[in-house]
Ligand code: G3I
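The chain that follows stands alone, in the form predicted alone, written as structure tokens.
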Amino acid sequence: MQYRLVLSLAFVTGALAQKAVWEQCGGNGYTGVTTCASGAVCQAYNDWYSQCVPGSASSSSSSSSTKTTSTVSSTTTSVPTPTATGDPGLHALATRKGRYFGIAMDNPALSDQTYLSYAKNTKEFGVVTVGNSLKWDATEPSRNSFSYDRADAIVKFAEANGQAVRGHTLVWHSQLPSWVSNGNFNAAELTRIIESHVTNVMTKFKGRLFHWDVVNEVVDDGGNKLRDSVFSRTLGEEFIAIAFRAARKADPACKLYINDYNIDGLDAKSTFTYDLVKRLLAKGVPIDGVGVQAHLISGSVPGSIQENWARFASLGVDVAITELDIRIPLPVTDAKLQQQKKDYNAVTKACASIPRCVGITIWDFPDHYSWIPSVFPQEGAALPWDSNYKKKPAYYGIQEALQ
């Protein structure tokens, strides 16, 4: 059987409504639509939860939990079915579990032909995240003056290879141009600035990106308050709602994420984030998912990641592992590589076990393009490929978890 990852970008309402891939379609107490868009099937995981996943239903099936329809009026971003010969690749394996596997990439890599020859392999990578070129300093360096050339280059690379694209990130306290961070705007003006920025960037890429990290790293590292930023100081928690509502209006079909680091296991920061998302959802803020960055240290991966990610999913939102890398204290040894393999295996298994964990993105893929050594000089080798593009034990840890 071949598997096709169809990332539906449509919200269809009324009598002919169908649920998009990754959305709930059944379960005890569920009263919503039970049919999935073309290319997806409603799969039951337990008595309480069924979800649309990529695939097709058996023609003999009559259960509402396995219905598909032949047509749907929608815009879709499709990742080609990987070939069945040779090493299946991580994305190919992930799609068989109803997930995706992807990478982040930045513009300097676009001139590296060896890198590109690996990055375009859709058996390994079905999704590309734009690493830096969609951040505020890159897209709106001066007020109302927008620049998209760098971001568009990466998006076009992915599109040319049939890969879906994640947007990262619209509102973040870091990598802000000085006109935003030092503008001393009042609440009304800063609201207009956020709305303008989000609307312009999302409209530019409307229909081309299937996920957006709308707000990034909004929780303080102490885990008991919002992070201090020009946005929270001026608008409090409301800036998050402003950004999400503008994003939904600009591209109603895109999945919208709140994204953060150090929310991997059960602790104060992940609990604050859980409570924040729950509170915002209760106010009608259109949050579709929680992005868990998962910048981890080998040998110190929390044992509660699966429980914590399932807790986020219990809010009725998706979970995506958005920036995964697992760094090793230097020097690298065979024993440390084997531990790293176990850690990647554990993270992947945790995602695969949670129906609403939709996919995993690693933060680039060969070690020499990793951000880790520049920030953590005594740590490195954080990715599943080494600097010679050789697959490390970590790669096979992921592979084993997806089989």
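A residue's number is simply how far along the shown sequence it sits, counting from 1. As the structure is a prediction and not an experimental result, all values here were calculated from the model.
The form predicted together with the named molecule is left out here; the points below concern that form.
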ask   = Any idea which of 191-199, 300-308, 174-182, 232-240 reaches within 4.5 Å of the named molecule in the predicted complex, heavy atoms considered?
value = 174-182
query = in the predicted complex, do Lys120, Thr122 and Arg208 all reach within 4.5 Å of the named molecule through at least one heavy atom apiece?
reply = no
key: in the predicted complex, the residue from His168, Arg99, Arg327, Lys255 that sits within 4.5 Å of the named molecule by heavy atoms   = His168
ask   = So which of Asn262, Thr271, Thr139, Asn132 reaches within 4.5 angstroms of the named molecule in the predicted complex, heavy atom to heavy atom?
value = Asn132
query = Is His295 close to the named molecule in the predicted complex, meaning a heavy atom pair under 4.5 Å apart or at it?
reply = yes
request  = Would you check, heavy atoms only and a 4.5 Å threshold, whether Gln163 touches the named molecule in the predicted complex?
outcome  = no
Asp220, heavy atom within 4.5 angstroms of the named molecule in the predicted complex = no
key: Non-hydrogen atom contact Trp363 with the named molecule in the predicted complex at 4.5 angstroms   = yes
